[in-house]
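Take a look at this one chain, the form predicted alone, written out in structure tokens.
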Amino acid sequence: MKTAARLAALTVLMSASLALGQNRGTIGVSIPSADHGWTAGVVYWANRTKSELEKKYPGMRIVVKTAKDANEQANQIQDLYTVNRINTLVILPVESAPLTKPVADLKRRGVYTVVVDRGLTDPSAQDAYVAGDNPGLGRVSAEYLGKAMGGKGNLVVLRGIPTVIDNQRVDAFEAVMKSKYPNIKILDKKYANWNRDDGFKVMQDYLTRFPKIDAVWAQDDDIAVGVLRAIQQARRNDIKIVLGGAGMKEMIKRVMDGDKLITADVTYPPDMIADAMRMAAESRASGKPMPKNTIIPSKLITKENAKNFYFPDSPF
């Protein structure tokens, strides 16, 4: 009888554990492919965090998918719902507008939706939002360039891709320039798609059109790599500062080494996907909703503090 009782108790316990595991369900993580340095960091952190969370929460399953464009990502999140039967979606949209309706459709079907970094055009489509401080990145960049340029001179801007966060960065940057540094002229601003090759092409165009450029706001470190290549190829020595952003290890190393063109950087860490996944997993396990908005501040990196942001083993 005692053995039978123990078996019965064990069965109840296993059933309870199974139910708890089922309640934790499956989290789908949808992110862009590693098509440049920052997204390579996102993919690295997503896969690393998947293993961490599946160990921490037995019974919880994490499915990570990468997509090369918005259409592929929209199809993938439908598959995550119909095939993988996710109850939670953590998504870093390739683009904002094309992904808004697919995410809203999943939320309407009961999937808890966590949007990371690139906000949707309709925030009501998401349950929670986790991002870097995009207006802050624009403000910190403008403050640094304004002071470094002595409040005057010619500046060119290379934008990211047409997304809500790109607008937030550029709007905040221009607001600071307009209010505090009116003698700095923004010669032009074009999309370089957070891409080295596009950064090279856009900068080539600027170098051809403008005989005097004092500084470049590349907004992103991958773009800055292309910008530096274009400047070197054109053998231009009028440009004194190139400011990227995100905290790529190669750029941080340049700051540490006292590079004449790369004198600073501004953080926008790719491991924010890991923060979002951890928060979503904790929320699903506890049954408590996440904070509606979680913003990770952007910080200025200079030679004085660069060592605190340099991680040589990171892929980004």
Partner chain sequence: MSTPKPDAAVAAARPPAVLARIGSLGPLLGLLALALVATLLNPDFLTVSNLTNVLTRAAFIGIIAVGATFVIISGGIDLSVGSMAALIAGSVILIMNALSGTLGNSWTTVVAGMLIALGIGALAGLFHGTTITRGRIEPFIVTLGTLGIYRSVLTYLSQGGSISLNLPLSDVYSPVYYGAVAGIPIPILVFAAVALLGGLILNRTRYGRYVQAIGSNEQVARYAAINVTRVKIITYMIQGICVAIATILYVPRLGSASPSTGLLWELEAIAAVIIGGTALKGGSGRIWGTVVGAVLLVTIENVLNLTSIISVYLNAAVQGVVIIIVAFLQRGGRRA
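Positions refer to the first chain, counted from 1. Treat the numbers as computed from the prediction; the structure is a model and nothing was measured.
There is another form of this protein, the form predicted together with the partner chain, and it is not shown here; the text below is about that form.
Colleague: Please pick out the stretch from 188-196, 111-119, 94-102, 139-147 that is in contact with the partner chain in the model of the complex, where contact means heavy atoms within 4.5 Å.
Modeller: Result of the contact check: 188-196.
Colleague: Is there any non-hydrogen atom of residue 82 lying within 4.5 Å of the partner chain in the model of the complex?
Modeller: Result no; residue 82 lies far from the partner chain in the model of the complex.
Colleague: Wondering, does residue 151 line up within 4.5 Å of the partner chain in the model of the complex on heavy atoms?
Modeller: Flag for residue 151 set to no.
Colleague: So in the model of the complex, is the partner chain close enough to residue 209 to count as touching (4.5 Å, heavy atoms)?
Modeller: Yes - in the model of the complex, heavy atoms of residue 209 and the partner chain come within 4.5 Å of each other.
Colleague: Evaluate residue 259 for contact with the partner chain in the model of the complex, applying a 4.5 angstroms cut-off between non-hydrogen atoms, and reply yes or no.
Modeller: Heavy-atom contact with the partner chain at 4.5 Å: absent for residue 259.
Colleague: Using a 4.5 Å cut on heavy atoms, which of 237, 183, 233, 124 is close to the partner chain in the model of the complex?
Modeller: Result of the distance check: 233.
Colleague: May I ask you to choose, among 279, 70, 63, 34, the residue with a heavy atom within 4.5 Å of the partner chain in the model of the complex?
Modeller: The option sitting close enough to the partner is 34.
Colleague: Mind listing which residues of 143-179 have a heavy atom within 4.5 Å of the partner chain in the model of the complex?
Modeller: Heavy-atom contacts to the partner chain in the model of the complex: 162, 167.
Colleague: Kindly indicate if, in the model of the complex, the C-alpha atoms of residue 161 and residue 66 are closer or farther apart than in the structure shown, bearing in mind the change is 3 Å or more.
Modeller: The answer is farther, because the C-alphas of residue 161 and residue 66 separate from each other in the model of the complex by 3 Å or more.
Colleague: Thinking of the 3 angstroms or more shift, are the C-alphas of residue 47 and residue 309 brought closer or pushed farther apart in the model of the complex than in this view?
Modeller: Residues converge in the model of the complex, at least 3 Å closer.
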